[in-house]
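Starting off, we have a lone chain in the form predicted alone, written out as C-alpha coordinates.
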(Lines give C-alpha, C1' and ligand atoms only; values in the text may rest on other atoms or scores of the structure.)
Protein backbone atom coordinates (compact mmCIF):
# COMPACT_ATOMS: atom_id res chain seq x y z
CA UNK A 1 0.00 0.00 0.00
CA UNK A 2 2.81 2.40 0.92
CA UNK A 3 4.59 1.79 -2.36
CA UNK A 4 1.39 2.55 -4.29
CA UNK A 5 0.97 5.80 -2.39
CA UNK A 6 4.58 6.77 -3.13
CA UNK A 7 4.09 5.91 -6.81
CA UNK A 8 0.85 7.89 -7.11
CA UNK A 9 2.34 10.96 -5.42
CA UNK A 10 5.54 10.85 -7.47
CA UNK A 11 3.67 10.26 -10.73
CA UNK A 12 1.31 13.19 -10.24
CA UNK A 13 4.16 15.52 -9.27
CA UNK A 14 6.09 14.39 -12.34
CA UNK A 15 3.05 15.11 -14.53
CA UNK A 16 2.89 18.70 -13.29
CA UNK A 17 6.57 19.16 -14.07
CA UNK A 18 6.18 17.59 -17.52
CA UNK A 19 3.39 20.02 -18.40
CA UNK A 20 5.62 22.98 -17.58
CA UNK A 21 8.50 21.61 -19.66
CA UNK A 22 6.26 20.87 -22.64
CA UNK A 23 4.62 24.30 -22.47
CA UNK A 24 7.94 26.14 -22.76
CA UNK A 25 9.14 23.79 -25.52
CA UNK A 26 6.03 24.50 -27.60
CA UNK A 27 6.77 28.21 -27.33
CA UNK A 28 10.52 28.38 -28.02
CA UNK A 29 11.14 24.95 -29.58
CA UNK A 30 14.03 24.63 -27.14
CA UNK A 31 14.08 22.16 -24.23
CA UNK A 32 14.48 24.01 -20.94
CA UNK A 33 17.15 22.14 -18.98
CA UNK A 34 16.69 24.51 -16.05
CA UNK A 35 13.04 23.55 -15.51
CA UNK A 36 13.60 21.16 -12.59
CA UNK A 37 15.58 23.85 -10.75
CA UNK A 38 12.32 25.79 -10.46
CA UNK A 39 10.85 22.80 -8.61
CA UNK A 40 13.78 22.72 -6.17
CA UNK A 41 13.31 26.44 -5.60
CA UNK A 42 9.70 25.61 -4.69
CA UNK A 43 10.97 22.96 -2.27
CA UNK A 44 13.00 25.57 -0.42
CA UNK A 45 10.04 27.93 -0.30
CA UNK A 46 8.18 25.12 1.48
CA UNK A 47 11.11 24.61 3.86
CA UNK A 48 11.22 28.33 4.71
CA UNK A 49 7.48 28.56 5.33
CA UNK A 50 7.43 25.39 7.45
CA UNK A 51 10.61 25.64 9.50
CA UNK A 52 11.20 29.38 9.73
CA UNK A 53 7.64 30.73 9.78
CA UNK A 54 6.24 27.65 11.54
CA UNK A 55 3.32 27.23 9.13
CA UNK A 56 1.82 24.39 7.14
CA UNK A 57 3.96 23.57 4.06
CA UNK A 58 0.97 23.83 1.72
CA UNK A 59 0.74 27.53 2.54
CA UNK A 60 3.99 27.90 0.59
CA UNK A 61 2.28 27.07 -2.72
CA UNK A 62 1.38 30.70 -3.64
CA UNK A 63 4.87 31.93 -2.76
CA UNK A 64 6.53 29.03 -4.60
CA UNK A 65 4.35 29.66 -7.66
CA UNK A 66 5.26 33.36 -7.79
CA UNK A 67 8.98 32.99 -7.02
CA UNK A 68 9.57 30.08 -9.41
CA UNK A 69 7.36 31.71 -12.04
CA UNK A 70 9.31 34.96 -11.79
CA UNK A 71 12.59 33.05 -12.11
CA UNK A 72 11.34 31.27 -15.22
CA UNK A 73 10.15 34.58 -16.67
CA UNK A 74 13.60 36.07 -16.01
CA UNK A 75 15.22 33.23 -17.96
CA UNK A 76 12.98 33.82 -20.95
CA UNK A 77 12.80 37.62 -20.99
CA UNK A 78 16.40 38.51 -20.18
CA UNK A 79 18.22 35.53 -21.70
CA UNK A 80 16.35 33.50 -24.32
CA UNK A 81 14.40 36.36 -25.89
CA UNK A 82 17.59 38.35 -26.43
CA UNK A 83 19.41 35.35 -27.88
CA UNK A 84 16.51 34.65 -30.24
CA UNK A 85 16.97 38.12 -31.73
CA UNK A 86 20.69 37.59 -32.29
CA UNK A 87 20.78 34.10 -33.74
CA UNK A 88 18.65 31.71 -35.75
CA UNK A 89 20.33 28.66 -34.23
CA UNK A 90 18.77 26.81 -31.31
CA UNK A 91 22.12 25.61 -29.95
CA UNK A 92 22.89 28.85 -28.06
CA UNK A 93 19.42 28.67 -26.49
CA UNK A 94 20.00 25.11 -25.31
CA UNK A 95 23.40 26.08 -23.88
CA UNK A 96 21.76 29.07 -22.18
CA UNK A 97 19.22 26.89 -20.36
CA UNK A 98 21.99 24.50 -19.29
CA UNK A 99 24.06 27.43 -18.03
CA UNK A 100 21.09 28.87 -16.17
CA UNK A 101 20.51 25.47 -14.55
CA UNK A 102 24.11 25.45 -13.28
CA UNK A 103 23.62 29.01 -12.03
CA UNK A 104 20.40 27.98 -10.25
CA UNK A 105 22.11 25.01 -8.56
CA UNK A 106 24.71 27.43 -7.21
CA UNK A 107 22.02 29.81 -5.94
CA UNK A 108 20.14 26.92 -4.31
CA UNK A 109 23.29 25.78 -2.53
CA UNK A 110 23.87 29.29 -1.23
CA UNK A 111 20.23 29.44 -0.10
CA UNK A 112 20.55 26.09 1.69
CA UNK A 113 23.74 27.13 3.48
CA UNK A 114 22.18 30.47 4.47
CA UNK A 115 19.10 28.77 5.95
CA UNK A 116 21.32 26.46 8.01
CA UNK A 117 23.73 29.13 9.23
CA UNK A 118 21.12 31.81 10.00
CA UNK A 119 18.23 29.71 11.33
CA UNK A 120 19.91 26.41 12.34
CA UNK A 121 17.52 24.48 10.09
CA UNK A 122 18.58 21.31 8.28
CA UNK A 123 18.49 22.30 4.62
CA UNK A 124 20.02 19.28 2.89
CA UNK A 125 18.42 15.85 2.57
CA UNK A 126 15.42 17.25 4.44
CA UNK A 127 11.81 16.15 4.31
CA UNK A 128 8.62 17.75 5.58
CA UNK A 129 6.64 14.52 5.70
CA UNK A 130 6.07 14.86 9.45
CA UNK A 131 4.26 18.15 8.79
CA UNK A 132 1.71 16.55 6.49
CA UNK A 133 -1.86 16.03 7.68
CA UNK A 134 -4.42 13.28 7.17
CA UNK A 135 -7.55 13.62 5.06
CA UNK A 136 -9.94 10.65 5.28
CA UNK A 137 -7.10 8.63 6.86
CA UNK A 138 -4.95 9.29 3.80
CA UNK A 139 -1.91 11.58 3.52
CA UNK A 140 -3.05 15.00 2.39
CA UNK A 141 -0.26 15.10 -0.17
CA UNK A 142 -1.85 12.18 -2.04
CA UNK A 143 -5.26 13.81 -2.29
CA UNK A 144 -3.90 17.29 -3.01
CA UNK A 145 -1.45 16.14 -5.69
CA UNK A 146 -4.17 14.15 -7.44
CA UNK A 147 -6.54 17.10 -7.15
CA UNK A 148 -3.86 19.45 -8.50
CA UNK A 149 -3.31 17.22 -11.53
CA UNK A 150 -7.05 16.98 -12.19
CA UNK A 151 -7.45 20.75 -11.85
CA UNK A 152 -4.48 21.22 -14.16
CA UNK A 153 -6.13 19.12 -16.88
CA UNK A 154 -9.46 20.93 -16.58
CA UNK A 155 -7.87 24.35 -16.15
CA UNK A 156 -5.64 24.01 -19.19
CA UNK A 157 -8.52 22.80 -21.32
CA UNK A 158 -10.70 25.73 -20.25
CA UNK A 159 -7.91 28.27 -20.71
CA UNK A 160 -6.76 26.99 -24.12
CA UNK A 161 -10.17 26.41 -25.68
CA UNK A 162 -12.64 28.63 -23.82
CA UNK A 163 -10.81 31.90 -23.24
CA UNK A 164 -9.54 34.64 -25.56
CA UNK A 165 -6.09 34.42 -24.03
CA UNK A 166 -6.00 30.67 -24.69
CA UNK A 167 -6.88 31.24 -28.34
CA UNK A 168 -4.13 33.87 -28.58
CA UNK A 169 -1.69 31.44 -26.97
CA UNK A 170 -2.52 28.63 -29.38
CA UNK A 171 -2.29 30.99 -32.34
CA UNK A 172 1.06 32.37 -31.15
CA UNK A 173 2.47 28.88 -30.69
CA UNK A 174 1.29 27.58 -34.06
CA UNK A 175 2.30 30.61 -36.15
CA UNK A 176 3.97 33.55 -34.44
CA UNK A 177 4.19 35.69 -37.59
CA UNK A 178 0.51 35.24 -38.41
CA UNK A 179 -0.45 36.04 -34.81
CA UNK A 180 1.49 39.29 -34.99
CA UNK A 181 -0.30 40.22 -38.21
CA UNK A 182 -3.58 39.91 -36.31
CA UNK A 183 -2.20 42.30 -33.66
CA UNK A 184 -1.67 39.63 -31.01
CA UNK A 185 0.99 40.64 -28.50
CA UNK A 186 2.98 37.41 -28.81
CA UNK A 187 5.66 38.52 -26.35
CA UNK A 188 3.04 39.01 -23.66
CA UNK A 189 1.64 35.57 -24.40
CA UNK A 190 5.08 33.99 -24.24
CA UNK A 191 5.93 35.78 -20.98
CA UNK A 192 2.72 34.58 -19.33
CA UNK A 193 3.39 31.05 -20.57
CA UNK A 194 6.91 30.99 -19.14
CA UNK A 195 5.67 32.42 -15.84
CA UNK A 196 2.98 29.74 -15.72
CA UNK A 197 5.51 27.02 -16.52
CA UNK A 198 7.82 28.11 -13.72
CA UNK A 199 4.90 28.46 -11.33
CA UNK A 200 3.84 24.88 -12.02
CA UNK A 201 7.40 23.78 -11.31
CA UNK A 202 7.40 25.63 -7.98
CA UNK A 203 4.06 24.09 -7.02
CA UNK A 204 5.38 20.62 -7.82
CA UNK A 205 8.40 21.42 -5.66
CA UNK A 206 6.20 22.06 -2.62
CA UNK A 207 4.60 18.65 -3.07
CA UNK A 208 8.04 17.08 -3.45
CA UNK A 209 9.23 18.64 -0.20
CA UNK A 210 6.30 17.23 1.73
CA UNK A 211 6.92 13.61 0.77
CA UNK A 212 10.46 13.22 -0.59
CA UNK A 213 13.93 14.34 0.44
CA UNK A 214 14.95 17.82 -0.67
CA UNK A 215 18.45 18.83 -1.73
CA UNK A 216 19.91 21.43 -4.14
CA UNK A 217 21.25 18.67 -6.38
CA UNK A 218 17.88 16.96 -6.76
CA UNK A 219 17.16 18.89 -9.95
CA UNK A 220 19.85 16.90 -11.79
CA UNK A 221 18.24 13.61 -10.70
CA UNK A 222 14.74 14.77 -11.66
CA UNK A 223 15.65 16.08 -15.10
CA UNK A 224 15.81 12.70 -16.96
CA UNK A 225 12.43 11.66 -15.53
CA UNK A 226 10.76 14.92 -16.55
CA UNK A 227 12.21 14.75 -20.05
CA UNK A 228 11.19 11.10 -20.32
CA UNK A 229 7.60 11.95 -19.39
CA UNK A 230 7.45 14.77 -21.93
CA UNK A 231 9.02 12.67 -24.68
CA UNK A 232 6.68 9.73 -24.03
CA UNK A 233 3.82 12.23 -24.21
CA UNK A 234 5.03 13.47 -27.59
CA UNK A 235 6.98 16.55 -26.33
CA UNK A 236 4.52 18.87 -28.06
CA UNK A 237 1.29 17.65 -26.45
CA UNK A 238 0.42 19.19 -23.11
CA UNK A 239 -2.10 16.46 -22.30
CA UNK A 240 0.30 13.82 -23.59
CA UNK A 241 2.90 15.10 -21.12
CA UNK A 242 0.46 14.52 -18.25
CA UNK A 243 -0.04 10.91 -19.29
CA UNK A 244 3.68 10.52 -19.95
CA UNK A 245 4.51 11.81 -16.49
CA UNK A 246 2.11 9.31 -14.94
CA UNK A 247 3.63 6.45 -16.96
CA UNK A 248 7.20 7.33 -15.99
CA UNK A 249 6.34 8.03 -12.36
CA UNK A 250 4.53 4.76 -11.75
CA UNK A 251 7.13 2.81 -13.73
CA UNK A 252 10.06 4.21 -11.78
CA UNK A 253 8.58 3.36 -8.39
CA UNK A 254 6.73 0.11 -9.10
CA UNK A 255 9.20 -1.47 -11.53
CA UNK A 256 12.12 -0.68 -9.23
CA UNK A 257 10.25 -2.15 -6.26
CA UNK A 258 9.35 -5.29 -8.24
CA UNK A 259 12.94 -5.82 -9.36
CA UNK A 260 14.27 -5.14 -5.86
CA UNK A 261 11.97 -7.77 -4.34
CA UNK A 262 13.13 -10.37 -6.85
CA UNK A 263 16.83 -9.55 -7.32
CA UNK A 264 17.79 -7.63 -4.18
CA UNK A 265 17.60 -4.03 -3.03
CA UNK A 266 20.98 -3.23 -4.53
CA UNK A 267 19.09 -2.65 -7.77
CA UNK A 268 17.37 0.48 -6.35
CA UNK A 269 20.50 2.51 -7.11
CA UNK A 270 19.93 1.79 -10.82
CA UNK A 271 16.46 3.35 -10.85
CA UNK A 272 17.58 6.32 -13.04
CA UNK A 273 18.05 3.85 -15.91
CA UNK A 274 14.27 3.49 -16.29
CA UNK A 275 13.54 6.99 -17.69
CA UNK A 276 16.51 6.67 -20.07
CA UNK A 277 15.11 3.37 -21.36
CA UNK A 278 11.77 5.08 -21.99
CA UNK A 279 13.49 7.95 -23.83
CA UNK A 280 15.51 5.64 -26.07
CA UNK A 281 12.61 3.29 -26.78
CA UNK A 282 10.20 6.11 -27.58
CA UNK A 283 12.60 7.97 -29.87
CA UNK A 284 13.55 4.79 -31.75
CA UNK A 285 10.19 3.08 -32.05
CA UNK A 286 7.50 5.71 -31.49
CA UNK A 287 8.95 9.23 -32.00
CA UNK A 288 5.61 11.00 -31.65
CA UNK A 289 4.84 9.26 -28.39
CA UNK A 290 1.29 9.54 -27.12
CA UNK A 291 0.59 12.81 -28.93
CA UNK A 292 -1.24 11.14 -31.84
CA UNK A 293 -3.55 9.22 -29.51
CA UNK A 294 -4.22 12.35 -27.43
CA UNK A 295 -4.96 14.33 -30.59
CA UNK A 296 -7.55 11.79 -31.75
CA UNK A 297 -9.22 11.79 -28.35
CA UNK A 298 -9.37 15.63 -28.38
CA UNK A 299 -10.94 15.59 -31.84
CA UNK A 300 -13.66 13.23 -30.67
CA UNK A 301 -14.34 15.41 -27.63
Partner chain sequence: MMLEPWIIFLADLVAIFSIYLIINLSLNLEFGFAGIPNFGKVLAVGAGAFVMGMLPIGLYGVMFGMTQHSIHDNLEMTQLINERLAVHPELGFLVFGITISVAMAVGMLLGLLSSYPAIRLRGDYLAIVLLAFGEMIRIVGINQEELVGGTLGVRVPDLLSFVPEEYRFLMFSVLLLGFAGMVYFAVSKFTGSPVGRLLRAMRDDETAVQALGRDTTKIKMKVLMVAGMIAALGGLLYASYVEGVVAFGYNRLNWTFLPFVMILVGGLANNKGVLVGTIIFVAIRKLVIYFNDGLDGLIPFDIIWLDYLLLGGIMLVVLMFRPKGLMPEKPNT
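Positions refer to the first chain, counted from 1. Everything numeric here is computed off the predicted structure, so don't read it as measured data.
What comes next is about the form predicted together with the partner chain, which is not displayed.
- The stretch that touches the partner chain in the predicted complex, counting heavy atoms within 4.5 Å, is 81 to 89, out of 192 to 200, 129 to 137, 81 to 89, 206 to 214.
- This chain is displayed alone, yet in the predicted complex one of 122, 151, 159, 110 has a heavy atom within 4.5 Å of the partner chain; that residue is 110.
- Residue contact check for residue 265: none of its heavy atoms lie within 4.5 Å of the partner chain in the predicted complex.
- The partner chain in the predicted complex comes within 4.5 Å of no heavy atom belonging to residue 57.
- Although the partner is absent here, residue 155 lies well away from the partner chain in the predicted complex, with no heavy atom inside 4.5 Å.
- Proximity of residue 96 to the partner chain in the predicted complex falls within the 4.5 Å heavy atom cutoff.
- Of all the residues from 97 to 124, those having a non-hydrogen atom no more than 4.5 Å from the partner chain in the predicted complex are 98, 99, 100, 101, 102, 103, 105, 106, 107, 109, 110, 113, 114, 117, 118, 124.
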